[in-house]
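Next up: a single chain in structure tokens, the form predicted alone.
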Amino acid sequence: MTLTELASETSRRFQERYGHAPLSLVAAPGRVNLIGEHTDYNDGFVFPMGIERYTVIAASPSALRRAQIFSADTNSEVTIDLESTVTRGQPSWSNYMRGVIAGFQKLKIAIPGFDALVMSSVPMGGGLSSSAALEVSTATLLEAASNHRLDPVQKALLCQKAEQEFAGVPCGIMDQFTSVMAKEGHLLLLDCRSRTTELVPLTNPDLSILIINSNVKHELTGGEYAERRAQCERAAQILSVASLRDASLPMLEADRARMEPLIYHRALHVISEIARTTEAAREMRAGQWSKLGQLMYASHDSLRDDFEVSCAELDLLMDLARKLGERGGVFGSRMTGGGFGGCTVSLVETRSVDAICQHIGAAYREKTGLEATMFVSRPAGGARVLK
């Protein structure tokens, strides 16, 4: 569904459930990261864009001092008492919203009671930031309801904290920043240390960003994500730097003997990935699609071999894309997101999209017995109030 269609359906479902039309409609996009994986919590660079998949919330004020929220995607409801300090609870999806509400409470922003219905077209567990889209859309709704607009950086950080404290995921800042600040027709080169962004245009109609969902689900609260983050912190400690952003490959090689092989390989990925990301932004500005594609392949190889967050299905999708190559309309491909399942992102020729999807879909089905879900997205704008 387009954003307009999703908003219309969310409004319809709200009216069906609550008996009247919603007063407010807000939306926030998911994101795909073209390159720069597991660099955000190492103070590095990332290169994401908003995608044309959104979480939409329809809402109206309530006389009661509580938030009554229905999730159309999970067919479940939660009631959150706004008179007391909001804490974690069930169902699990509500914690992303609870964390944002708690963040507003800490800022002493009065939140009026409301009824809400949530719908999303962002695939869950696909590495496309369905959680950030829910958090940022919640924050956007609370801004409108309280008539108190946050600074965009403050808003993104509040949503990041919600995910860390209420969902238990020690995430970096990329997902929430992109959902807040994405701009139509552009990727964001985000410096995760300074929290500054540089817009890099992608408006060439001959190029498309193809996202392929392996439909293998991952669960980042299983400990793998936190384990990788701790390993990166250990490497930085050995190298005597504040974070791996401050390290270089010569520094890493000089101290290799002091590191366990596993720690060395984790650091090797992060340090090389930060360099690849800034180089990728330069190649995109210069229109050097082949060079950009090679950086994407190198990123996947590093995530598979050094950071060990890929899986057989993601490797297969990337290999199928790489074998098609530029003759088949593929410039580059890699896994995207935290890993252990989810999606690949590929830079492809627009005219070849249908043929690429048919070839990869059939080969993936034959080798795995699974159906891959595919869609093309232009760079989408960030969170907004629709009504």
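What you see is a predicted model; the values in this text were computed from it and never measured. Residue numbers here begin at 1 and follow the sequence given.
What follows is about the form predicted together with alpha-D-galactopyranose (GLA), which we do not show.
Q: Closest heavy atom of Y225 to alpha-D-galactopyranose (GLA) in the model of the complex, within 4.5 Å or not?
A: So Y225 counts as contacting alpha-D-galactopyranose (GLA).
Q: Going by a heavy atom distance of 4.5 Å, is C171 a contact of alpha-D-galactopyranose (GLA) in the model of the complex?
A: Yes, C171 sits close enough to alpha-D-galactopyranose (GLA) in the model of the complex that at least one of its heavy atoms falls within 4.5 Å.
Q: Answer with yes or no whether Y41 is in contact with alpha-D-galactopyranose (GLA) in the model of the complex, where contact means some heavy atom within 4.5 Å.
A: Yes, contact at 4.5 Å.
Q: Do G341 and alpha-D-galactopyranose (GLA) share at least one heavy atom pair within 4.5 Å in the model of the complex?
A: No, G341 sits far enough from alpha-D-galactopyranose (GLA) in the model of the complex that none of its heavy atoms falls within 4.5 Å.
Q: Residues in which of 342-350, 60-68, 322-330, 29-37 have heavy atoms within 4.5 Å of alpha-D-galactopyranose (GLA) in the model of the complex?
A: Selected stretch: 29-37.
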